[in-house]
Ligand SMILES: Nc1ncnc2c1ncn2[C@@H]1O[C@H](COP(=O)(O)OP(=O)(O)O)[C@@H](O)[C@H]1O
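One chain follows as structure tokens, the form predicted alone.
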């Protein structure tokens, strides 16, 4: 094994990446103490890539991308480095960030009903962003809004530009949010749990719309989700977070076929699969994530991990370590070793290592 994980916190930002995050830490002071939401996270997204950031609620996945967008509340304490095409974003004046938001980077939020302005028509909200970044006249921007609604699959778009958010279904509102996000051809599109409140059929349609929209503007996509089923059909690379830290990262096929972190293996075992024999129960991950007001000194996954030993609660997990060439890295004292690595210390996944 080696510690040459591309994008580790000891390295400079990747010059080939569109968006590069290094050693990102985010804290929130509260009356009860400091919430350590993100703890030393590093990742990159490249041209045309779909990067999925997955984990349970509270893992820090949304906070990390909100920090990249400069959308955290004023009391957030952010350190590390976030660069867009080599330009450092942390500490950038707000006016410069405003120019980047919507043009270079844009975001599809989780709940479109609370993200859209209820007293403005959908078309006007899309057109407003177009006018800010492209200096078009109002009529031209409304025409552009109708084209975008048509692109994301909203029928009769020339009429729907005059509709208000409450007049649209949940799926149509999410399509309108995607149209707004791609209005200025951003090179990074961020989607935060874009299918959470939708039924399975509409979820599939929205994922198709996101992919079509991404290809239309030739952007990279960062997909924030807790649903690994969504990840499987959408992403190229997976970045798994737990308790504010990186658990595992790798190419989708590699991680799904051979998860190396016990947490990733647990997430995959807890989702239904078509090839699972009838009658076999899903295997839940017992317990709950720790409070980020006082995260444990060692590995935060220890109380829920079937492979934990005495070293785990005392010592933080090692930095991301190359487990399976060329792509899989995990931060774990006892990663799952699969036969394809030709390692002499092979163990059966799910079994605790010899003490």
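Source: prediction; values computed, not measured. Positions refer to the first chain, counted from 1.
Not on display, but discussed next: the form predicted together with this ligand.
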Practice problem: Give a yes/no on whether residue 35 approaches this ligand to within 4.5 Å in the model of the complex, heavy atoms considered. | Solution: yes
Quiz item: Contact between residue 289 and this ligand in the model of the complex at 4.5 Å, heavy atoms?
Solution: no
Quiz item: Can any non-hydrogen atom of residue 48 be found within 4.5 angstroms of this ligand in the model of the complex?
Solution: no
Quiz item: Is there a heavy atom of residue 59 lying 4.5 Å or less from a heavy atom of this ligand in the model of the complex?
Solution: yes
Quiz prompt | Among 39-47, 60-68, 317-325, 295-303, the region lying within 4.5 Å of this ligand in the model of the complex by heavy atom distance | solution = 60-68
Quiz item: From first to last in sequence, which residues of 17-33 have any non-hydrogen atom within 4.5 angstroms of this ligand in the model of the complex?
Solution: 28, 30
